[in-house]
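Presented as C-alpha cells, the chain that follows is alone, the form predicted on its own.
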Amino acid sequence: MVELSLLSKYPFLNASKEYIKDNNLSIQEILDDPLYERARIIGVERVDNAFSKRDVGERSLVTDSDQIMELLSYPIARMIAVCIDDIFFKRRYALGEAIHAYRNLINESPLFLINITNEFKINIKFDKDTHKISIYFVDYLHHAPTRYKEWKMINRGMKNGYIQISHKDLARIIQEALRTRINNELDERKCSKSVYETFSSDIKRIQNSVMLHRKNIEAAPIGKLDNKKLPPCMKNILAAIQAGENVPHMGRFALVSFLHSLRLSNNEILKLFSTAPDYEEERTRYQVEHITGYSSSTAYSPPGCDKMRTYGICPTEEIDELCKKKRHPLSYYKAKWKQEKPKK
C-alpha cells in the first residue's frame, strides 16, 4: 500500500483514486461536508496558483490531516477547472499540476519514477548495476518535448530502439505525459451543477481574470502588426499557441517566418509567444532565433498557401474571398493593408 504522504504529493496516481474510493468518499460529501472545507479552500488555491504562477503551489504536508486535504484538493481543483470552461485556463491549470509534480519527482529515486511511468504505459529500461535509464524510442517521440533542441532525436543516441536519458529527463517526460493526460481529461468532462453552485463566486472571479488577460493580450501593440489583417491560417496558429494548444512544428515555423518577413523583431515575436500557458523564454528564443537566421546561417522564408495546405495548417473551411485570390499569406496581409489605404 502506497503511503499517504506520497499520495498527497502525487494525487494523479491510480493509488490516490483508490484511496478516495476505499474511504467511501462521495463527490457530494467532499463538496458539502464542513470536514472537508480546508480541501475546498486548497482546491481553489491550486487553480489560482496555476493561473498566476504556473505551479499549483507547495503546502505543509506534515500531519495526516494535511495530507488528506491536499489529496482531496486535487479532484476539487480539476472540477473547478472544468467549470471555468476556458481552453487557455484549462491548459494553464494542467501545466501547473505537471510542473508541480516535476519539481517533486526530480528528488525521488529512479525506481519510483519508473513505477510512475507504468501508469502512463511508457516503456522504460533500468540497469541496476550502472543505474542507466533508457526509454523506447516510440514513447520518447510521443512524450518528450522534442520542440526543443536538446530533446530532438538527432541529439540523442539510440541502441536497439532505446534512448538513454537522465533521471531529470525522465521526470520531465512524466511531466509532459501528465500534462497531456490532464488536458485530455478536462476536455472530456462537463461542469457539474453541484460543483458550479459550490464554487460559483470563485469560478466567476477566475473567468473574469481570464477574460481580462485575453483582452490585455489583444490590446497589446506588437510592432506594426495588425492582428485584424492576418490571414485565417496565421490567426488560427497564433490563437492556438496563445491558448496553449499543441501546435505542430510546421505551424510554429510558419508563424515565426511570417512575422519575421513583416519585419517584427525577435523580441516582438517572443512577446506574442509569451502569452502561451506553457511559454519558456530560453527555449522559445532558441527556436525563433534559428528560424529568423539570428543563430543560424539562414533566415527562412514563410511557406506559401500550397505548402500550408500540404502540412494541414491551412483552415480550408475558413478561407475567405481574398484568400481564394492569393497564393501566399504575405500577399493576403499586404492586400488587407492596401484595402484600407485612403484613395486620393
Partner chain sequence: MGNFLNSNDSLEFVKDEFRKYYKDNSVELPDRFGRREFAFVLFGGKGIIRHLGFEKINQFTDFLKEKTPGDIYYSSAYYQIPDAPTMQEKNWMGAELIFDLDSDHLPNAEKLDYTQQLKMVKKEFFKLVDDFLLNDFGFDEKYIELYFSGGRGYHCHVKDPKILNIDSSERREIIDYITGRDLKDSLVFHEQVTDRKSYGNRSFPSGKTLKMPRPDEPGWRGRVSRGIIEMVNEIKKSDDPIEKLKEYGVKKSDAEKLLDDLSEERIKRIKEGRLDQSKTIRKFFLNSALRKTAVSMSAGETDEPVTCDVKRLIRLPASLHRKTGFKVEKITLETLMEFDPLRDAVVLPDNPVKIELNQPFGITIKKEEFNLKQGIQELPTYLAVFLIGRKKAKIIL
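Numbering follows the first chain given and starts at 1. This is a predicted model, so every value here is computed, not measured. Take the two forms, find the largest set of C-alpha atoms that superpose within 1.5 Å, and that set is the rigid core.
The protein also exists as the form predicted in complex with its partner chain; that form is not presented, and the subsequent description refers to it.
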Problem set entry | Proximity of T310 to its partner chain in the model of the complex, heavy atoms at 4.5 Å | yes
Exercise. Is K271 close enough to its partner chain in the model of the complex to count, meaning some heavy atom within 4.5 Å?
Worked result: no
Exercise. Can H249 be called a contact residue for its partner chain in the model of the complex at 4.5 Å between heavy atoms?
Worked result: yes
Exercise. Counting only non-hydrogen atoms and a 4.5 angstroms cut-off, does T146 reach its partner chain in the model of the complex?
Worked result: yes
Exercise. Within 4.5 Å of its partner chain in the model of the complex, heavy atoms considered, which of F137, F112, F126, Y196?
Worked result: F137
Exercise. Which one, E150, D85, E108, D187, lies within 4.5 Å of its partner chain in the model of the complex by heavy atoms?
Worked result: E150
Seminar exercise, completed: Here the chain appears without its partner; judged in the model of the complex, the stretch of 233-241, 157-165, 196-204, 255-263 with heavy atoms within 4.5 Å of its partner chain is 157-165
Exercise. Core-aligned, does H328 move its Cα 2 Å or more between the shown form and the other one?
Worked result: yes
For this session: Spell out whether the Cα of T198 moves at least 2 Å between the shown form and the other one when the two forms are superposed on their rigid core.
Result: no
Exercise. Any CA movement of 2 Å or more for F253 between the shown form and the other one, core superposed?
Worked result: yes
Problem set entry | Residue pair I313, V138 - Cα distance in the model of the complex, closer or farther (3 Å or more) | closer
Problem set entry | CA-CA separation of V138 and G312, closer or farther in the model of the complex than in the form shown [shift of 3 angstroms or more] | closer
